[in-house]
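Below, in structure tokens: the form predicted on its own, a single chain.
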């Protein structure tokens, strides 16, 4: 099957407390996003990688691509939201000749430790589905709160904490994001949009090493984890 990846990286990083978006901060000897893109560059079968960045960081991302000589990486200008950025990436892949049946992996720019094993499990799960995502079962009790009060405590076994990459058929992903943006759906990830459009999205077991770097302290943990991963 033809396969590509979309990495939305247009976030400003305001909540992180840094003038530089966290995806461009250093992790070891290279920017965080270089680890993430490099991981997909190593996966066999991924023929194209689209990185969606803000206008202010187009040159920064191009310099990273040039440094590592990634010939299959395309940089596009991201949108105001994750949905818009991923849709622009999907449209870029369609223009590049990928058909609606091609597999596209949408992956957080700040998850540098996605393994080939997890990626292969996701691809296998697409045999009879429109999408496949990795997820873990929450270990903490989850409450639904209204006006500062607990109103419901869902069964944890029925809940899943989603990770990325989230893999879909290109046609299903593009049409779901188009509808979500047109109708103003508050979908916080691609799986929510595809499922709301009636697509079948399978869940595979996530990887606890597949961390998302969201706080400054996460960089310290990620720096320690780097020793367990080979260079791109």
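Residue numbers count along the first chain shown, from 1. It should be emphasised that the depicted structure is a prediction, and the values quoted were computed from it without experimental measurement.
As for the form predicted together with cytidine-5'-monophosphate, it is not shown, yet the points below apply to it.
> Does cytidine-5'-monophosphate get within 4.5 angstroms of any non-hydrogen atom of residue 152 in the model of the complex?
Replying inline: Residue 152 lies outside the contact set for cytidine-5'-monophosphate.
>> Whether residue 81 contacts cytidine-5'-monophosphate in the model of the complex should be assessed with a 4.5 Å heavy atom distance threshold; does it?
In response: Yes, residue 81 lies within 4.5 Å of cytidine-5'-monophosphate in the model of the complex.
> Does cytidine-5'-monophosphate get within 4.5 angstroms of any non-hydrogen atom of residue 90 in the model of the complex?
Replying inline: Residue 90: no contact with cytidine-5'-monophosphate in the model of the complex.
>> Quick check on residue 104: any heavy atom within 4.5 Å of cytidine-5'-monophosphate in the model of the complex?
In response: Taking the distances in the model of the complex, the answer for residue 104 is no, it never comes within 4.5 Å of cytidine-5'-monophosphate.
> Among 129-137, 81-89, 154-162, 113-121, which stretch has residues whose heavy atoms lie within 4.5 Å of cytidine-5'-monophosphate in the model of the complex?
Replying inline: Every other range fails; the passing one is 81-89.
> Is every one of 5, 36 and 48 in contact with cytidine-5'-monophosphate in the model of the complex, taking contact as a heavy atom within 4.5 Å?
Replying inline: No, none of the three is in contact.
> What residues, if any, in 90-127 have a non-hydrogen atom within 4.5 angstroms of cytidine-5'-monophosphate in the model of the complex?
Replying inline: Contacting residues: 108, 109.
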